[in-house]
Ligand SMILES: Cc1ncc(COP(=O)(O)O)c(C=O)c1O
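In the form predicted alone, a lone chain appears below as structure tokens.
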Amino acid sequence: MTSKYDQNGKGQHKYGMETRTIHAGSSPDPVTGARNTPIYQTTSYVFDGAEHASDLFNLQAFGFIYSRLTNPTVAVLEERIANLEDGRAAVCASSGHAAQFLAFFSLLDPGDEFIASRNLYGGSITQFGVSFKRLGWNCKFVDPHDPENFRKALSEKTKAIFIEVLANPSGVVVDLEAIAAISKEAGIPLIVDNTLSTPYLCQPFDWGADIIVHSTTKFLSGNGTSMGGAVVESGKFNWAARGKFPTMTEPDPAYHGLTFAETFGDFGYTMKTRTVGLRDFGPCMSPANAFYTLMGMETLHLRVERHVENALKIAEFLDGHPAISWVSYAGLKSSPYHQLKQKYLPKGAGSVFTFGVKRGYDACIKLVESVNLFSHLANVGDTRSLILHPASTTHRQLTDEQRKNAGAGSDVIRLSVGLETVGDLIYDLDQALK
């Protein structure tokens, strides 16, 4: 929708975020007139003829072949997410972790390295630090508070930098523009997990990011029903500039010597990710999950506004509570990340944050077992308010030092603030803390 003409037919009119969350990528069904995108619950698609089939398999024509690769419902979601991020193209996957795997598979060979912030979701730390090692992909974790730490960790084998612009669960806001400048100088892509901030609160491509990943399971769907992930490319990274990415610039034997960067230009990375990674490993998104995510995205702008409004009020309440030792929420003026929040997240610091309970581990366990409205579970971004003790759940597999570095120490509680009446949420937390 960013390229449609305005009503007068003069020049190009870029539609607003609110309009695009509802309309981008979709149109009425040309056969039935159905206004909502249908669930195309099919595995495969009839070819027009032998030549058409060959062209599709040779990547000489675009269309639908098999739902592991492409599906009409999923395609609408991919276009919508790419549009909201002001990206060139996107690939959806079965989960956020699947999206991260695909993002790196298109970049790395055995023996290659990438650098990641140590302030990440615990599952990402385990995926990067343990499982990826079995593939010969090596991750260096650094403290993101000083962008120069990323520069110091660079080597000849470094192929990417990975950060969460708004970290889960610690609420750390990183200096996106400064880290992007380091990646650009090194000739490597900056990959940003934009799950917690969503495109409504932050646009990483505007600050120099090259690839964005999402767990669509979270705020994009917003209803706690549908697993999914997405990889979005900006279309602006020059894969051939430094000779670092043979997977993009050298002939691919699976497609008769086709070169993805040369053949597909500014969406070559997306095509590589779809037609090799998604094809060969198969973590495709189901059309039903794509449908439910599309329905959720239509209210993204309204939901996120209320999420942020509620979260700030709860953070202010906890900040003055006698049972609480600290609150890490960039929306608070006392936060060390407030200035970065003003720059990168001017509409709000999201609704996922942490706080410390004075009496430590046992008190945290008592708290999560004493709330009524807050649901004790391992998810974020739901319409419902959620509570978690990361040290005993999402970050349990990490060492004490890793948990501390990730902002998930034994005294830490994570909240994902939902859309309920904020006074009821404050009452629930207060009675549980007592």
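The first residue of the shown sequence is 1; numbering continues from there. Since this is a predicted model, take the numbers as computed values, not measurements.
One more form of this protein should be noted, the form predicted together with this ligand, which is absent from this view; the next part is about it.
The partner is absent here, but in the predicted bound form a heavy atom of 228, alone among 268, 228, 87, 331, sits within 4.5 Å of this ligand. Listed residues 95, 149, 286, 335 were compared with this ligand in the predicted bound form; 95 is the one with a heavy atom within 4.5 Å. The candidate stretches are 188 to 196, 288 to 296, 107 to 115, 318 to 326, and the one lying within 4.5 Å of this ligand in the predicted bound form by heavy atoms is 188 to 196. Contact here is defined as any heavy atom lying within 4.5 Å of this ligand in the predicted bound form, and by that definition not a single one of 83, 205 and 232 is a contact residue. Although the partner is absent here, residue 164 lies within 4.5 Å of this ligand in the predicted bound form, judged by heavy atoms.
In the predicted bound form, residue 170 stays away from this ligand, with no heavy atom inside 4.5 Å. By the criterion of a heavy atom within 4.5 Å, residue 218 is counted among the residues contacting this ligand in the predicted bound form.
Though the partner is left out of this view, residue 100 does reach within 4.5 Å of this ligand in the predicted bound form, counting heavy atoms only. Residues of 118 to 132 lying near this ligand in the predicted bound form, listed in sequence order, are 121, 124, the criterion being any heavy atom within 4.5 Å.
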